[in-house]
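Just the one chain here, the form predicted alone, laid out as structure tokens.
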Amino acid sequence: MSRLRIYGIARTRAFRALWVAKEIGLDYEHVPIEIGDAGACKAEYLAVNPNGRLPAIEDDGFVLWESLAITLYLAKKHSSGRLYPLDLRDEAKCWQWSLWALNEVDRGVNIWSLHAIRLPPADRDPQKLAEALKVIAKPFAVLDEAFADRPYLLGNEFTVADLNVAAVISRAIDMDLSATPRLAAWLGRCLERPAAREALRLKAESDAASPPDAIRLIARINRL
């Protein structure tokens, strides 16, 4: 049996943990539990993550939650010198971009995807959609500028910094990114990686299997 267990349906932020596991080539067990009372709020899962949020992992008895903490941990443990940089300054940049993604663009992209695509049309709010686009415009311009002289965030090679930021904004691939063409090209490069395509396939399958009420629950729980 695999020592690594990843909790969370791929439609959730568990997508990030699944992508990094596939990128590294790890043997893992996927436990595709749902959000809310259907899974993440059950006592069995709350014993793993008392926040009742997805994802979480168990790695040979070690429990960790928060999606980007998981990706950074797995990359450093299994891919130091490749996916996870050895240089201290590059390591700091990985943390910088990962925290930036959560603080600056995660919520805006999620609001956009819900009210542009994922919620039933009757539940979409044009005002929230417009506000989300305003919120992400400036940080997307910052990200676009980061690729003025390099193909990836830290230079010429794909790292966990790219994986984390691309995973956070992955649903923006369906957005009009003509104002940020370098961002668009970079996001395409990241999401075309074989490991990303495999994780995206799992996400698409879970999206397709999600009833409208499940998407409404996402919006309600996250106040989106």
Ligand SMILES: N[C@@H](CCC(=O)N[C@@H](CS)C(=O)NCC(=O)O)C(=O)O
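Numbers follow the displayed sequence, beginning with 1. Note that the structure is predicted; figures quoted are calculated from it, not measured.
FYI, the form predicted in complex with the named molecule isn't displayed, but the following is about it.
Chemist: Could you tell me which one of 183, 196, 35, 48 places a heavy atom within 4.5 Å of the named molecule in the model of the complex?
Modeler: That would be 35.
Chemist: Of the listed stretches (184-192, 152-160, 63-71, 22-30), which one has a non-hydrogen atom within 4.5 Å of the named molecule in the model of the complex?
Modeler: Among the candidates, contact is made by 63-71.
Chemist: Taking the named molecule in the model of the complex, would 16, 52 and 55 all count as contacting it (heavy atom within 4.5 Å)?
Modeler: Checked in the model of the complex: all three residues contact the named molecule.
Chemist: Determine whether any heavy atom of residue 12 comes within 4.5 Å of a heavy atom of the named molecule in the model of the complex, and answer yes or no.
Modeler: The answer is yes: residue 12 has a heavy atom within 4.5 Å of the named molecule.
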